[in-house]
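Okay, so here's just one chain, in structure tokens, the form predicted alone.
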Amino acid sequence: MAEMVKLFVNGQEVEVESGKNLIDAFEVIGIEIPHFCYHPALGSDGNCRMCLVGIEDGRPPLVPACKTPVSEGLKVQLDTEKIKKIQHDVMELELINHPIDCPVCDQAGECKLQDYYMSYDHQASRMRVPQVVKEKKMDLGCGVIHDQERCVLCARCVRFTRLITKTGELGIINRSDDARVALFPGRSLDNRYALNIVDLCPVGAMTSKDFRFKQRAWFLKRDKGICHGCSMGCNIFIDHNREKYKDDLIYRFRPRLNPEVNGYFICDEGRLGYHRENEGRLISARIGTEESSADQALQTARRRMEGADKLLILLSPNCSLEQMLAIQALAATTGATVSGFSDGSIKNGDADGYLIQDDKSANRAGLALLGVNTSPEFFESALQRTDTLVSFNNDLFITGPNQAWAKKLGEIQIIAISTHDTLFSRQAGIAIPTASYTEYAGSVINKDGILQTFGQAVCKNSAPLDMIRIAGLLGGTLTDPEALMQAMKRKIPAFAAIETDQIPEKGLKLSHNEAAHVTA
């Protein structure tokens, strides 16, 4: 447990964690110290001076809170007239040349300059001279649009490219009123994390070309989720909105802090993965080439499964643990062989040693923990013996049709339970739509063995069935959440002493030898 120290804020004694600076320590206890340039992932820069606080009997009496560690007995002043005047003066300097275009700014509703003006300034402008004109709508590359006039020169973007991506595309040029963030000559943003600059920007100076003018921030509902783009399992916010008479749509993914997994950031590929949640979805069930109701397609699929001699179930490594257990129960009931092989989901050499991983699936560790064979040899052997293949959201044609399997796939019955209308689902004799990961709740295990849970975010007007429900309708015996939890506890010893609602938000680290104790 972290050591605690006692100090005083505006004369009131508080207890905070030792080793932190004043901004971070006070945030935990609900006290805000305004700041622009400081960010926990980028360290203290001390250039905005918005976080200056008073220290009673201190030498010096004024210090930047971002650079001042807490200490026993420290007497911090946040509400004196001198501190308030400093905040007013800093805000006035920030707003001298800032365009007052909040109604058309894409950052409106999420802007710290707006928030601080309302909380710490509220002063009328005294300026009666023309504002300094700078460049607007500058395309910096990687989908980042920059408005130099809105920039408050916090330098977060510059420090991000130097400290985090180590690509160093940005710098601050010129001096005084003419200072501005700019690209180095002959360069553009060229890294796989560039859109994090948009999140870091405290004002509307950096915006996303992908999100610009799509939605107002105050219309969006923000739900917590887990990115399924790779085995890192980055924590995200899913921002979505259901407009009147329309379906619920996702408008962006944003990083959500988890020190144990992704820290403060996510990669651009994962961030833009929300497009796949909205587009190319399998909307209606099909039997052959004809549209069908989901009920009719499920009944037909069940009859074909019951009439199969050798049934093969193909399980996606993106399924949740609960879905995997429910489908394993279906396999036990029907006598099916289960394979977790997934074509094209591992891109060797794509990992960068930071967040991006070679494995582009969210829960391959779950397959291993539940004893599901994922080798291509096992799948190919089982495929040659089967007459009916049931795929649970496992696209065998991610990299295109495999000629080695083409003849066999053309001879057998294929039932595809799929989130998307893919080439593989179109080849299937029966295609049944199912919910994607933003539309159900579940749990996954990332590459480091961290178990994480996520909730349902998106509610479609015509909601497709979850795979757990589909497995039950096809003959499975595990569909009840409590029964699934009990089955999980029997198979995974680490679950024996916990309940789903007791798993911390940052996840639960499973021991390295858990897989050795799975009950197959």
Partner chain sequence: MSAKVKIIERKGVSYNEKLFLVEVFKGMRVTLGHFMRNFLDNSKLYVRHYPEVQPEISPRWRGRHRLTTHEDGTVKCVACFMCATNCPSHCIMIEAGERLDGKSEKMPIRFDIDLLECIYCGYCVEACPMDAIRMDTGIYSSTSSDRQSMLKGIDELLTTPGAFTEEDYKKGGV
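Because the structure is a prediction, the values reported are computed rather than measured. Numbering follows the first chain given and starts at 1.
Keep in mind that the form predicted in complex with its partner chain is not shown, yet the notes after this line are about it.
Engineer: Closest heavy atom of R212 to its partner chain in the model of the complex, within 4.5 Å or not?
Structural biologist: Output for R212 is yes: heavy atoms within 4.5 Å of its partner chain.
Engineer: With a cut-off of 4.5 Å between heavy atoms, is E411 one of the residues that contacts its partner chain in the model of the complex?
Structural biologist: Contact check for E411: no, nothing within 4.5 Å of its partner chain in the model of the complex.
Engineer: Does the 4.5 Å heavy atom contact test between D101 and its partner chain in the model of the complex come out positive?
Structural biologist: Although its partner chain is absent here, D101 would touch it in the model of the complex, with heavy atoms inside 4.5 Å.
Engineer: Indicate whether its partner chain has at least one heavy atom within 4.5 Å of a heavy atom of K244 in the model of the complex.
Structural biologist: K244 belongs to the contact set for its partner chain.
Engineer: Heavy atom within 4.5 Å of its partner chain in the model of the complex: which of R303, K137, K407, R385?
Structural biologist: Selected residue: K137.
Engineer: So which of K82, R216, R126, R175 gets a non-hydrogen atom within 4.5 Å of its partner chain in the model of the complex?
Structural biologist: Partner contact (heavy atom, 4.5 Å) among the options: R216.
Engineer: Of these, 144 to 152, 282 to 290, 162 to 170, 359 to 367, which stretch puts a heavy atom within 4.5 angstroms of its partner chain in the model of the complex?
Structural biologist: Result of the contact check: 144 to 152.
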